[in-house]
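The data below hold one chain only, encoded as structure tokens and taken in the form predicted on its own.
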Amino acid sequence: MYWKTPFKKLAAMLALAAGLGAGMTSAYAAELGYPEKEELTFGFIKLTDMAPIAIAYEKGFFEDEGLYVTIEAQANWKVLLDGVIDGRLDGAHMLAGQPIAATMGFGTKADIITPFSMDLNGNGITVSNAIWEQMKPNIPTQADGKPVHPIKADALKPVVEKYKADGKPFNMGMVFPVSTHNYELRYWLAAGGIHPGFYAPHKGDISGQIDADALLSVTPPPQMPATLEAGTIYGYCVGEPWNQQAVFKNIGVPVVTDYEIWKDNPEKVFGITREFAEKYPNTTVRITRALIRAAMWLDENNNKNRPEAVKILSRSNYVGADYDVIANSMTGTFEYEKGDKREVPDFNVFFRYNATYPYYSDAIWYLTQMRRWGQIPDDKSDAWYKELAAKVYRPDIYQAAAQSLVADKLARADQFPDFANEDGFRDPQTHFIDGIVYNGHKPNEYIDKFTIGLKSGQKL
């Protein structure tokens, strides 16, 4: 028997549970009531990392929670965000930067939250065959003649410099101004001495191309390969399967994965409005429970379910790419140059390493990159970064869902963070391609470490 509980009471009980530890778990679960809204519509973009939504639907995890879900592909990230804001969609697979930027007021202003991080890693940077041929002489090789990885943007810099000397713009694609892909591409380029450009929203310039050596622009993910093939762009950063699609079509070469740029970096999130969470607290927790179970299924027993997941995602109503294209990265390998397939077991991570927990430090990293490239034009205090992160990332809701799953014996406590001692910050992260350490407690100190980018006291 479930009981309906107001959201404020849920939050109060959760705070108490955090203080008392696992002893409160079953008591909290007993308070989880029926969903206030049962029929829901969720949006997604055709990328493999929408998988938790598809699996929660296909495996009946939503129905187990009394939720009857319709899943709809969206044309692009803006349409998707607008759909959540205007209520056409109840929730969606989102770029991690979208709820942060919306809450901050960069672009469309809206209060969007996330109780669930959808995955780690999953992106790559691909260049055209012609650019790859120009890069190859600058890349050291292994004994077997294959390139040494990770490939740094240092190998691309002479190519970009030649284009500039010839008066040609060097164009590259990313999926949205506040996407992980934008920040990862910028990070990789800047680490190799290539300036990716500044934003100046206070001056009305949101092109992101001020002082740029490489000109970045937006292309929706499924259109990336065709845009590359047409010669409109010379490279792009996107999620799968659109890097592997370039390999299969023989039009480009993935040169680096985001796992190599920042090992186990956070990727997409599940976004809902704050109003939705407050109006439908039980529904919100139950959505999160279903998504957690889907993520567990995707990673369990060393990814044994991935072939089945690939078969599901290859359907036209989900990602709609060929099975082999999706499997090329989602089943533990990644193909760079044609024939150079390497083991990358963590290219897609959905549950391991606390992948689903919405860490404040993840949100703060995105904010540091927004400041670095001018989307945040002015200095902000370290406290400001934490406060904004806490408005958007909601580990309290996640904890409610996780503890109720443990109480229902659908998960084990050791599969989640130690909630009694968790502060929402990962340990300082060291595995970046440029060797710079990120500590989420000290965002301004982190920003000042970069050679290229705005620093404390600087404004365009």
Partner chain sequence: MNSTTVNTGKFYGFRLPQLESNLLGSAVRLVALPLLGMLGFLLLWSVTAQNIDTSLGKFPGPAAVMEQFKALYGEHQRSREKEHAFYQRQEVRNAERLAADPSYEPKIRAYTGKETFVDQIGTSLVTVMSGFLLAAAIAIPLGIAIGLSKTLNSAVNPIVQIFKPVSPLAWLPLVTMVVSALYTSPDPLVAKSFLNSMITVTLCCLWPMVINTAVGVAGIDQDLVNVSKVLRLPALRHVQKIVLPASVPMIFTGMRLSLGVAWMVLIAAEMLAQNPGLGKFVWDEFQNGSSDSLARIMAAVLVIGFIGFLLDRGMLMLQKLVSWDKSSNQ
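Numbering follows the first chain given and starts at 1. Computed from a prediction, not measured in an experiment: that's the story for all the values here.
The following text describes the form predicted together with its partner chain, which does not appear among the structures shown.
Asker: Please determine whether Asn317 contacts its partner chain in the predicted bound form, using a 4.5 Å cut-off between heavy atoms.
Answerer: Yes - in the predicted bound form, heavy atoms of Asn317 and its partner chain come within 4.5 Å of each other.
Asker: At 4.5 Å between heavy atoms, is Val69 in contact with its partner chain in the predicted bound form?
Answerer: Yes - in the predicted bound form, heavy atoms of Val69 and its partner chain come within 4.5 Å of each other.
Asker: Answer with yes or no whether Gln245 is in contact with its partner chain in the predicted bound form, where contact means some heavy atom within 4.5 Å.
Answerer: Contact with its partner chain, yes.
Asker: Under a 4.5 Å heavy atom criterion, is Pro147 part of the interface with its partner chain in the predicted bound form?
Answerer: Output for Pro147 is no: heavy atoms all beyond 4.5 Å of its partner chain.
Asker: Pick from Lys249, Lys311, Lys136, Arg342: which residue has any heavy atom within 4.5 angstroms of its partner chain in the predicted bound form?
Answerer: Result of the distance check: Lys249.
Asker: Of Asp379, Asp211, Asp322, Glu161, which one comes within 4.5 Å of its partner chain in the predicted bound form, counting heavy atoms only?
Answerer: Of the listed residues, the single hit is Asp322.
Asker: Based on heavy atom distances of at most 4.5 Å to its partner chain in the predicted bound form, which listed stretch, 396 to 404, 39 to 47, 413 to 421, 429 to 437, is the contact stretch?
Answerer: Among the candidates, contact is made by 39 to 47.
Asker: Between its partner chain and Tyr34, Glu58 and Gln223, in the predicted bound form, does every residue show a non-hydrogen atom at 4.5 Å or closer?
Answerer: Yes, the whole candidate spot contacts its partner chain.
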